[in-house]
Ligand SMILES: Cc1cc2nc3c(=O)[nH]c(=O)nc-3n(C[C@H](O)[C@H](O)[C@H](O)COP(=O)(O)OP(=O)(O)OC[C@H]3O[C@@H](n4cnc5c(N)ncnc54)[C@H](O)[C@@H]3O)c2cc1C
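Here we start with a single chain on its own, the form predicted alone, put down as structure tokens.
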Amino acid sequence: MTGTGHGATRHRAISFWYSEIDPPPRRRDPLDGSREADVCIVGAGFTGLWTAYSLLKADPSLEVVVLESEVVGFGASGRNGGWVEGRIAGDREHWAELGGRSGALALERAIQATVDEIGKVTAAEGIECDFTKGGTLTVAQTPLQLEKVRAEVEEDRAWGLGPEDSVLLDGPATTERVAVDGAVGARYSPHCARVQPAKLAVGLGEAVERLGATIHEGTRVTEIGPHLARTATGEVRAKFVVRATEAYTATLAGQRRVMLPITSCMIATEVLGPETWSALGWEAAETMLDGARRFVYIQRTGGGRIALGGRGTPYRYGSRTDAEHPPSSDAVRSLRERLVSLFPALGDVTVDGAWQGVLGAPRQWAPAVGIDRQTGLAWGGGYVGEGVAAANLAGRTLADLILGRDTDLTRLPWVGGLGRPWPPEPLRFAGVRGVNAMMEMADRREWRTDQTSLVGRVAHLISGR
């Protein structure tokens, strides 16, 4: 099928990122009947595609089938903030409990190296996705936020990371990089790159097909079982079945409480002119996080825009994943107001695109990859919004696990299960919405008083973040 008509419209509706791809990606045929394969991967997002890529680079003879309910990159992979961040969700103490201090540091070093790994592959495969490794900033606009940023750098040092991994910038050094209004300091780390995520997803899908994989779009998997993925139009039987469904895991039979679908919204500005960029600086294209509890994440895009995300309705009752419609006007207004509070010169800026989507959060608030060789079931995900780089590391790790290799990757402490499930409704809904409201209240108080909010501390303890 070609990328015209309904298919083109469907791609453009995913996110503003997809509207920048011209011509739109082609549509692939759905599964028509049952078949067999060596490996069946459910989900054509970053986890599924990197797993297929890594498997076929290691063993080109494998028959790999990827089943996708919509189109390549439809979920978080084509909607995210475009951060290839050398950081993984879950605090270091959590990883040390699983793998000791050395294991926690090995995982951190592995995710840092993954940033360059993705850059290497995009160059080798000719994937034009605006990959630029400019590092990342966590910017403080208040003394309280600066204390939090300073504590992050001090924790880095306590875990053996040096100034080549992170540094504390003062206000002038921060605004020399990016002219954030009222910046009093920032944590800078070089371990992050910017990408246009939809271009990366689409290019990776094409690279996987060149290696010999078959991708079926428009093929919704309703149930995953031992050596089996079941759809309405047929079954795929395989030695290994990889669940790479992230937030959409909640739509699978018996999996509703495994992963919490959390909604995040994004906006993209109009293309900014040379004078505006001269005033803002941002020449290295660092990604940027603000210092609030309900933070926003920001990048300077390769097309000369600012893309900013966060806020919105965090969770829908019953783990619903239908967050593909445009975000509310309130959410868009809130993001735009936050943008202007960071950069007052953008008071008249036009928003050219607004979209939202769901990301996956396990109860332990940390990702995992794993395999059960007896059933042939493998899994990867739970990135809690930090999945662009982590999905690559997961894909390479899953490939080693499937191939039965004992490697540095398969010994990392995130190899295992996702932990206990989320509680049933209505507890799930009340808990998530309640914590979000507490975070919002804490942000307002901390901004007004410059004192740590007790409500915020309680929310942090409840959520595990």
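The first residue of the shown sequence is 1; numbering continues from there. Quick caveat: nothing in here was measured; it's all calculated off a predicted structure.
Absent from the display: the form predicted together with this ligand. The rest refers to it.
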{"property": "Position in contact with this ligand when the complex is considered in the model of the complex, options Leu359, Met288, Val258, Val149, heavy atoms within 4.5 Å", "result": "Leu359"}
{"property": "Selected contact from Thr136, Thr174, Gln196, Ser264, since only one has a non-hydrogen atom within 4.5 angstroms of this ligand in the model of the complex", "result": "Ser264"}
{"property": "Answer range among 326-334, 371-379, 77-85, 277-285 for contact with this ligand, defined in the model of the complex as heavy atoms within 4.5 Å", "result": "77-85"}
{"property": "This ligand contact at Leu252 in the model of the complex, heavy atom, 4.5 Å", "result": "yes"}
{"property": "Contact label in the model of the complex: Gly387 to this ligand, heavy atom within 4.5 Å", "result": "yes"}
{"property": "Thr219 within 4.5 Å of this ligand in the model of the complex, heavy atoms", "result": "yes"}
{"property": "is_contact(Cys40, this ligand) in the model of the complex, heavy atom dist at most 4.5 Å", "result": "no"}
{"property": "Residues of stretch 191-217 in contact with this ligand in the model of the complex (4.5 Å, non-hydrogen atom)", "result": "none"}
